[in-house]
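We've got the same protein chain twice here, in two forms, each standing alone as structure tokens: structure 1 and structure 2.
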Structure 1
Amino acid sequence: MSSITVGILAIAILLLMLAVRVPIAFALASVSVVGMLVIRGPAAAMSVLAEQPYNFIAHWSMSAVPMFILMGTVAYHGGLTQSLYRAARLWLSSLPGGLAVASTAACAMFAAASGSSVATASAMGRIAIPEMLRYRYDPGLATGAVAAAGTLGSLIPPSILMVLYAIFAEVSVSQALVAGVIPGILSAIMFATMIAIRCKLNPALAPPVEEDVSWADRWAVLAQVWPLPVLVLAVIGSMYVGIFTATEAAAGGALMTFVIVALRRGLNWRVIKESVVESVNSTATILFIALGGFLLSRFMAVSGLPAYVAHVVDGMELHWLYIIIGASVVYIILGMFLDSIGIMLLTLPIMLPVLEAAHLNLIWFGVLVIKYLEIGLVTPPVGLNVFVIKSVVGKSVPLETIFKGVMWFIVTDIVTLIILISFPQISLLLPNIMK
């Protein structure tokens, strides 16, 4: 049996294991080690298992993951995010569908601190959805807006998924993170525009909110939320101007968050304990999955399958757009069934050599990958963010209503994807200036 055949069989077995709900980390690692054993023998397999986990975890850029997670947990438990929705509401509620638009804006700001789509959807869902339902907003719009806007945590820096992508693609982590800024803002604007247009055409979706809000109230609420955007801008700005690497910016961001929360008298033993425990749990989960993906990439390299696929695609002389369309179909279909990190780590060992052979920019493709994963977070039947929102609203809104509500946002995301594919400079503008 040739090594390429072993690689193909390994991918098939891996997909089968994931289909029957074998934990992603175990599936990735076990298939990789067994495949290495078949191709190179027991000694090589044991050598990989003994050496590669340390080499991967000890990667300097990987230190950014726990630091960004810690920054988000301290900001949340320390109360820096509590006034985000209120601030967005006071400034945006007068627009058509203003509360839903405000929810989108608040999710975007929260995502910039947490870097987690699930955390964003869960936190904002508890605040924004009851408020929208109280004002008789359409339940599908109310729940769909938060479920979809929560996915912005995957793209707007600091994004944990983007850090992992950059490490596996061997591109600059700082440039990859900064590349997500404009596409993330564009995604939020596209969501808000779609909501406003729908509610303008059909006011019954979102009855107007009659409130007497003065400009003094609007400016006063900004005094409560200013530390968070300043913190995020400091982290992104330090990477953009080259003062800090991504890891140093992450550590500095975590330290600044502790200092800000302490100055606001929100730092106590409970906040520290909850933040650290949550960060450790999240980091351990992510690193185990990422380690499995790292082993898979090493096994794929030994099998020669990625190089073979790249050679075949290169020989077909396909236009780069067909390659991107093919990748889009693969990611969106997998997103219906698998976890975001698992999808990325499963596909990158094969995708990256194909992209390099086609001379496509890997940072630009990283932005597209994150957009694909965002869509997967709300796509039935598995859409994780939808189930997070369902757990928040309980029996008050049926699951089918939430899925119907997010369909408008999926269509909007596809339009955004078309724009990002058609105009790569949107994603590459800031990274190119950094060079």
Structure 2
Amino acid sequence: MSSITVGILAIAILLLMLAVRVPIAFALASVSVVGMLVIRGPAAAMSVLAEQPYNFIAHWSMSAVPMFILMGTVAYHGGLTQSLYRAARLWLSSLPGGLAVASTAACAMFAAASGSSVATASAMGRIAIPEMLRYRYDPGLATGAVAAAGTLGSLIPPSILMVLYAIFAEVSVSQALVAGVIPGILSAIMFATMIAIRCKLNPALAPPVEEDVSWADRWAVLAQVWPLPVLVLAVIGSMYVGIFTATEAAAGGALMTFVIVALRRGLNWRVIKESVVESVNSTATILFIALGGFLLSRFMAVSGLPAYVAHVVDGMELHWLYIIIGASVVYIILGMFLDSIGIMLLTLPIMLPVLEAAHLNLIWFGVLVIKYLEIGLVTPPVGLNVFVIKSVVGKSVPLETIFKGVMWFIVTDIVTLIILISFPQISLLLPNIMK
């Protein structure tokens, strides 16, 4: 049996395991380890278990994930989120799906403080979803909006993924980072538009505000909304004046949240305990799945399957559009199963020479790659951001509901991608100004 056959078989078995209620992290990890056993033998399989999980987790850049999760739980339990959403509800009462639109905007803003999509989704999930559910928003819409808008975390700088792409492709880090800004904002606007249209057509998704809202009410509630925006601006500011690195900013954000909650006299033992316990449980749940995804990428490297798929694009001496379409198909397929960094590592060595031969702009392509990786975070069956949201909402919303809710956003993202592919200047405007 060729190793590629083993790879295909492994994917089939993975799907089967997921269908029969095997926890996702266990399914990913065991398929990878057993696959390694089949292709490279028992010593290799044991080696994977002994060495790689520890090295994957014990990594400095990983620390931003628990820190932003903590920031979100403290903000929620400390009561910083309710007043903001009450204000959003009153101010956006005439906008269909106003709170979901506001959440999308908040995600975009939080993305500017956070370097990763998982961190953005987990923090914003805790902040935004309970409030939307409180106002009887459709659970699929509420969770889908944050799972999808959380992916803006890697498109809007700072972005660990974009820096890695720039280093892999040897393009300017600063130009790559700034290239994500307009596409990120465009994605958010597209999401918001889709939400508003859907809620207009089907008001049941987002019950409109019934009572008459007076301007006095609106101004009154505004006085209480400052903590969260101030917090996010403080995190962004402290990064740009050089106090925190992008990784450290997460810890800074968490600590500042504690401080603001304390200043509002909201800090007590119960808040601390619930926030901390929930944070570590969420962190463990999410990173355990991320670890499984990482092991799957490693096993896939051994199987040669992703390279085999990526070679679809290789040797296509075609019109640039076909190359981009081929690459899109490859990234969407790999994104269904593999983790973001793994996909980049497995595909870029094959893709970059093809793109360079076709004289395609690598910064523009970087934006597209990040966008594809982001879509991969929400596509079934392995959609890390969806699992993040699931770990935040617990029993109240089934996983299938989140996946269904997210579908609308995936379709929207595909439209956004078509726009980004048709008009490279959207991505290249800011980098070109910088030059």
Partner chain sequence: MGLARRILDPVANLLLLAAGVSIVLMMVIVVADAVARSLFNGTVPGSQELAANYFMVAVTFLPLACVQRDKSHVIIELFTGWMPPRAVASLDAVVYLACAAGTLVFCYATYFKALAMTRAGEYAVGTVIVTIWPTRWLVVAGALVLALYLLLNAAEEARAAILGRPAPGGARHGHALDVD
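Rigid core here is just the name for the largest C-alpha set that superposes within 1.5 Å across the two forms. For numbering, take structure 1's sequence and count from 1. These numbers were taken from a predicted model, which means no experiment stands behind them.
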Exercise. Two forms of the same chain appear here; which of them is the form predicted together with its partner chain?
Worked result: 2
For this session: Please check if V230 moves between the two structures, taking a CA shift of 2 Å or more relative to the superposed core as movement.
Result: yes
Exercise. Is L420 one of the residues whose C-alpha moves 2 Å or more between the two structures after the core fit?
Worked result: no
For this session: Superpose the two forms on their rigid core, then report whether the C-alpha of R264 is displaced by 2 angstroms or more between the two structures.
Result: yes
Seminar exercise, completed: Here the CA of E210, compared between the two structures on the core, is shifted in angstrom by 5.1
Problem set entry | Displacement in Å of the C-alpha of L92 between the two structures, rigid core kept as reference | 3.9
